[in-house]
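Single chain ahead, written as structure tokens, the form predicted on its own.
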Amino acid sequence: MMGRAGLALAILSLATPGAAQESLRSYEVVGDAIPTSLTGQPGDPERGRAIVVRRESTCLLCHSGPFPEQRFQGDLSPSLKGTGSRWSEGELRLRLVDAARLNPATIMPSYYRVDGLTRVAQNYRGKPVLTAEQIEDVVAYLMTLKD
């Protein structure tokens, strides 16, 4: 049986790095949120949905949601349905950037963190999984999921 760390490594090894050359933009964590956009601009919900349902992003390996066209959806983590009603933009942003800040035992990958990680797939070493723009796109999409 695979442990949590092994599962997180397996999940990340399936995806393609989104930000191979991007240097991380600075951000400030306030409480349980990153209240300010990583890019200074709102994301695009349509692009965000495409990222969420794309198998390379790994979201649907653990989460399910309002994606009737997707045959296989995960059940390890909360459904994404109603996400925009449960959390603020800043709370969602922190969960995507570095969920381990909220729960050190989480199996959710840190999509915009590179330091202090162990057992990282070779193609992700020193690279975030998603770009700052992609994080903002996913946040924008998740905020549309109100029901």
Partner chain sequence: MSGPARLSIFAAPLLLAALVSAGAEIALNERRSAYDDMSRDNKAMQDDDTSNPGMLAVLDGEALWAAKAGASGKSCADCHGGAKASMKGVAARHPSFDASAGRPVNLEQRINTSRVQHQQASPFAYESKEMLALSAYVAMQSRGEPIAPPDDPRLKPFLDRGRAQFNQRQGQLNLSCGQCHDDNWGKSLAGNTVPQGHPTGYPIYRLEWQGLGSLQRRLRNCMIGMRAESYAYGAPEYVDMELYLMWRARGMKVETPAVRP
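Residue numbers count along the first chain shown, from 1. Just so we're clear, the structure is a prediction, and the values are computed from it rather than from any experiment.
One more form of this protein exists, namely the form predicted in complex with the partner chain; it is left out here, but the text below deals with it.
Checked against the partner chain in the predicted complex, the candidates Gln70, Ser79, Thr39, Ser88 yield a single residue with a heavy atom inside 4.5 Å, and that residue is Ser88. Residue contact with the partner chain in the predicted complex: Asp32 places a heavy atom within 4.5 Å of it. Under a 4.5 angstroms non-hydrogen atom cutoff, the partner chain in the predicted complex lacks Arg93 among its neighbouring residues.
Taking the partner from the other structure, the partner chain in the predicted complex has a heavy atom within 4.5 Å of a heavy atom of Ala121. In the predicted complex, the partner chain sits within 4.5 Å of a heavy atom belonging to Pro109. Annotation for 94 to 116: interface residues with the partner chain in the predicted complex are Arg95, Leu102, Asn103, Pro104, Ala105, Thr106, Ile107, Pro109, Arg113 [heavy atom within 4.5 Å].
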